[in-house]
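The data below hold one chain only, encoded as structure tokens and taken in the form predicted on its own.
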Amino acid sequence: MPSIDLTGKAAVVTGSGRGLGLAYAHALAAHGASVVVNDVDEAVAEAAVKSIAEAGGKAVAEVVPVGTAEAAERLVNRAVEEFGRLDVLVTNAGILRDKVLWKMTDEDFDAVITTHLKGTFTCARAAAVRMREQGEGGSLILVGSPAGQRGNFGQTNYAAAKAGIAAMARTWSMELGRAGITVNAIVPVAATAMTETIPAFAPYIEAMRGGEPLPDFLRKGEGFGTPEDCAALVPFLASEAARGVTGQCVGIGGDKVALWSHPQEIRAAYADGGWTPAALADAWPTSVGAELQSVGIPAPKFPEA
């Protein structure tokens, strides 16, 4: 089994004061990386840094909301000032403003797009500039979501941002390949403050926090576990063991890791001279429309009582 050693590398993890982001920061530090922890709450950020130090890692805090170019520069500059370099960026920061389409305000939409999509763009741009200047490659690890892969009811803004993040990972993997910078999107599924609000999950999460393990139908069947279960993917993608992995969307949760497919044509039909609306209506049911694709995140398959 290859050794995952990130000694001498420096990482920035946005939104890493708690939850999945904190798990990513701990995992990177446990494998030798020095970490810039980021959060909008100073007390939360400092507590995260303390927990990493107590576990034997090295970290500093940078308190700033991501989204602007100025915030991105602050994060990259802090890594360089403290650790002399930047090798890994994990764009985890995010917020939710869930509403159905006809109730979602411009402010709801803009806030989520700014944090998730523009925040990923500005931070990745600043990191890419620094990594290209260093000339030693690097790793951009963008955080996606099943909502961005399949859509999710009430999450127009969030699903759009996460779908855009997956597209940016594919695009940047091509643009940064010559510089030796890998770019991947991860698709985590874990027990967090968001998922514990789902009534069907709540009793299992509560039992887990009481010391009981999650059942196999969740850990294996649903790929659902703790934030720490998702964290292993981050140091792997940041390591030399993953130098050949780029432009991918990789899901992880519980006991499961999976590769998401990229969108591609699955059926095609042809008409000499092009199509008319009537010809499309005639051919559709038995050609390209014979098996339409599903949408939405599949409901968990809970065992019968």
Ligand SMILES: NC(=O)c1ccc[n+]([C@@H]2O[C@H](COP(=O)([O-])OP(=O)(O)OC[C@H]3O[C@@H](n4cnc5c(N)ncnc54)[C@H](O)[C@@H]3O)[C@@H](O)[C@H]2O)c1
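For every residue, the number given is its place in the sequence shown, counted from 1. Predicted model, so just to flag it, every value in this text is computed and none were measured.
The form predicted in complex with the ligand is left out here; the points below concern that form.
- Of the heavy atoms in residue 66, some are within 4.5 Å of the ligand in the predicted complex.
- Among heavy atoms of residue 19, some come within 4.5 Å of the ligand in the predicted complex.
- With a 4.5 Å cutoff on heavy atoms, residue 115 counts as touching the ligand in the predicted complex.
- At the 4.5 Å threshold, heavy atoms of residue 143 reach the ligand in the predicted complex.
- The stretch from 38-46, 25-33, 276-284, 256-264 that comes within 4.5 Å of the ligand in the predicted complex, counting heavy atoms only, is 38-46.
- For the marked spot (158, 162 and 190), a heavy atom within 4.5 Å of the ligand in the predicted complex is present in each of the three residues.
- Screening 134, 195, 77, 152 for any heavy atom within 4.5 Å of the ligand in the predicted complex leaves a single hit, 195.
- 93 is the sole member of 86, 185, 93, 72 with a non-hydrogen atom lying within 4.5 angstroms of the ligand in the predicted complex.
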